[in-house]
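Only one chain is included here, represented as C-alpha cells and corresponding to the form predicted alone.
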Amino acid sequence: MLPHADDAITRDGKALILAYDHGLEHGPVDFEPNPDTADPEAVWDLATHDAVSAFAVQKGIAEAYYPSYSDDVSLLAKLNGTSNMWMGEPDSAVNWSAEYAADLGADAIGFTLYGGSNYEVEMAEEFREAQETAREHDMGVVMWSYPRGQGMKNDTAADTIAYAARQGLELGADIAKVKYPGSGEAMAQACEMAAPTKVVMSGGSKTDDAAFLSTVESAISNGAAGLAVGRNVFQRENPIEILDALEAVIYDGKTAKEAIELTGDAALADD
C-alpha cells in the first residue's frame, strides 16, 4: 500500500464505501426489499450523502451515470465480479481494466480476491496487474478479501479473517474489505495483521438497525477504518437515516445508541 493513496475515497482517514455491485453479484433479488433501488439513479443519489466516502459500482453503471455525478461522488471502480448463476469454485471475472477506469475518472479500484479458492493464484495475478496499473494513474486500491472455496470450513473464523486482512497488505491494497469475524477482539486481530492497510467491515445481509449499528460500533472501536455496505443501506425504507447514524458512529465516534438518538428517527430507536 502507499501512504495517502486512498485520500480521495476516505474522510479523515475513515471510510464509508457504499457498494452497488449487487445487480451483477446477486441479481434482481437484492432489489426486492426496496424496488425503487433497481433504478441505479436512486442509489447514486444516496451516494451523494456526506457520510459516503466512495461509491463502488461495476463498469456499466459507472459509464451510464458517473458523468452526471462526478462532482458529488468519488468513484470506486469495482473491476471484477461474477453472477450468482456461476456455480463453480469461487472465481471472479475481470470486467474492465484499471486503465479504462482511470480514463472514466475513477478515484480508486476495487478487486475481489477469494483466498483459498482453487483460482486464488490466477486472481492474485490479475490483482497484481490491476494494482500496478492503478498506481500508474494515482488511484487507490481496495481489496474485497473474501476467503472462500471448497476447502474453506469457516470463512469468518478469527484466524481466517486476520489472514484475509494480511493478504490485503501483502498484495498492496490500501484498504481491505473483510467480513466481521464475530467479535471485537477478532476484529482487532485482523486490523493488527493489516498494519498500515486500512480494514473496513463488509456490511453483509440486512439486519435490524440496532444490531447493525452495534456491529459497526464494535468494528470501529477495535481498529476498523470504516464500512463497505450495500444492502444494509439501500434495502431499508430509511436509507438516509441509517447513513446519518453511520456517519455518527464512523466519523464522530458515537455509540450505536447515541447515533440512533441523534437521527431522531423513531423507527430506528424502536428497533
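Remember, predicted model here, so these are calculated numbers, not experimental data. Position 1 is the first residue in the sequence shown; the rest follow in order.
Missing here is the form predicted together with a small molecule; even so, the following discussion is about that form.
Across the proposed site, Arg148, Ala228 and Arg231 without exception bring a heavy atom within 4.5 Å of the small molecule in the predicted complex. Only one of Ile260, Ala19, Leu16, Val249 lies close to the small molecule in the predicted complex, with a heavy atom inside 4.5 Å, and it is Ala19. The chain is drawn here without the small molecule; in the predicted complex, the stretch among 124-132, 138-146, 92-100, 166-174 whose residues come within 4.5 Å of it by any heavy atom is 138-146. Although the partner is absent here, Asn222 sits far enough away that none of its heavy atoms falls within 4.5 Å of the small molecule in the predicted complex.
For His49, no non-hydrogen atom is located within 4.5 Å of the small molecule in the predicted complex, even though that partner is not displayed. In the predicted complex, His26 approaches the small molecule with a heavy atom inside 4.5 Å. Under a 4.5 angstroms non-hydrogen atom cutoff, the small molecule in the predicted complex has Gly204 among its neighbouring residues.
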